[in-house]
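Presented as structure tokens, the chain that follows is alone, the form predicted alone.
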């Protein structure tokens, strides 16, 4: 797992990361969202023992990032925006080089290199020079490199940037599989749809501090409002909406459809269903309207800006 407590980083007098605290359990994808310059990359670098925190602590895979940097680096797979690929090497040579760095036996590093390259659609590029790879292929090669030593922790910075839709889907599917393997994953991305699809927990960071943290349902209820339900019926609702207003807050009403808010859908929805049955109105669908992470994120940022005394 990963645990950060009061993690802080100054560069001279500039405060890049401001006293952030979070924990990520195995089998969890923890998405860190925020604008450029918010402190996301600095946080990742501290978690990989590349940067030393000014104050606070972080434990990664059971190791302190300051006291046990070598063990932390051996336990973490990292994908950064700047890949640092050795473009004169061929794909397999490049992975073999890093396998040697991780001290993997020859048979294991070659086997994993080939398996991972095939998995990400690079099987035909094993013996091509990296300089001949497309931008998306280079991104996939960097991801393969991060997985080569089979680490329990993954820190992925924009893992699908510059990829075509099919390649991005391959990577997202792989992240889901890795989550089910009980790996601990931190994901930074500007793709909010991707973050919503992949993550269990989310933190929004601005000006170096976490301004909101939790799962999507929790953040949605806090920053967007109570759960929104959509009721569709076979027959027109006629005057039934008057009865609904006694139970829930109506948002929109149509002839055969109504949107309403309820803090307690598990209690309220069965009551509404019984009332509809007694009124002889057949239900076509009753479902929750999903709030998008984009809407949640924008509301979080707006509330933070109000707290800073700025004008939205």
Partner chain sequence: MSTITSPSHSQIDEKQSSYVKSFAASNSMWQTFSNALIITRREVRDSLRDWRIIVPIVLLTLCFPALANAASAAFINLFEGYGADGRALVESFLPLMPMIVGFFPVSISLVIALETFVGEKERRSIEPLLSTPLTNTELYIGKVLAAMFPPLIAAYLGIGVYLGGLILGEQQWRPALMLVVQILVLTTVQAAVMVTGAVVISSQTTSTRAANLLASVIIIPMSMLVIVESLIMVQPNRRFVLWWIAVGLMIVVVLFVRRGVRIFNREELLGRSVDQINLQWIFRVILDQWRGITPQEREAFVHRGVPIPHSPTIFHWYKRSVFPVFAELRHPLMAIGVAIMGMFAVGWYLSTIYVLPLERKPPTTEIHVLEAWQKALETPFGYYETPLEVAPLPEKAPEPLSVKERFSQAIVAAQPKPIEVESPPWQFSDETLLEQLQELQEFASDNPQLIGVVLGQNVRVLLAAAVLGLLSLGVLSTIIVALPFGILGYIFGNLFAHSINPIPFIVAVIAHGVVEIPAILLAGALILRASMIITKSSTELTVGEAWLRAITDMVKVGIAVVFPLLVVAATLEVLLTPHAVEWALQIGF
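Residue numbers count along the first chain shown, from 1. Owing to the predicted nature of the structure, the values given are computational and were not obtained by experimental measurement.
Form predicted in complex with the partner chain: not shown, discussed below.
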property: The unique member of 273, 50, 284, 66 whose heavy atoms fall within 4.5 Å of the partner chain in the predicted complex; result: 50
property: The unique member of 124, 164, 177, 242 whose heavy atoms fall within 4.5 Å of the partner chain in the predicted complex; result: 177
property: Non-hydrogen atom contact residue 89 with the partner chain in the predicted complex at 4.5 angstroms; result: yes
property: The partner chain contact at residue 110 in the predicted complex, heavy atom, 4.5 Å; result: no
property: Touches the partner chain in the predicted complex: residue 93 (any heavy atom, 4.5 Å); result: yes
property: Touches the partner chain in the predicted complex: residue 70 (any heavy atom, 4.5 Å); result: yes
property: Answer range among 225-233, 195-203, 210-218, 148-156 for contact with the partner chain, defined in the predicted complex as heavy atoms within 4.5 Å; result: 148-156
property: Members of 238-255 lying within 4.5 angstroms of the partner chain, judged by heavy atom, in the predicted complex; result: none
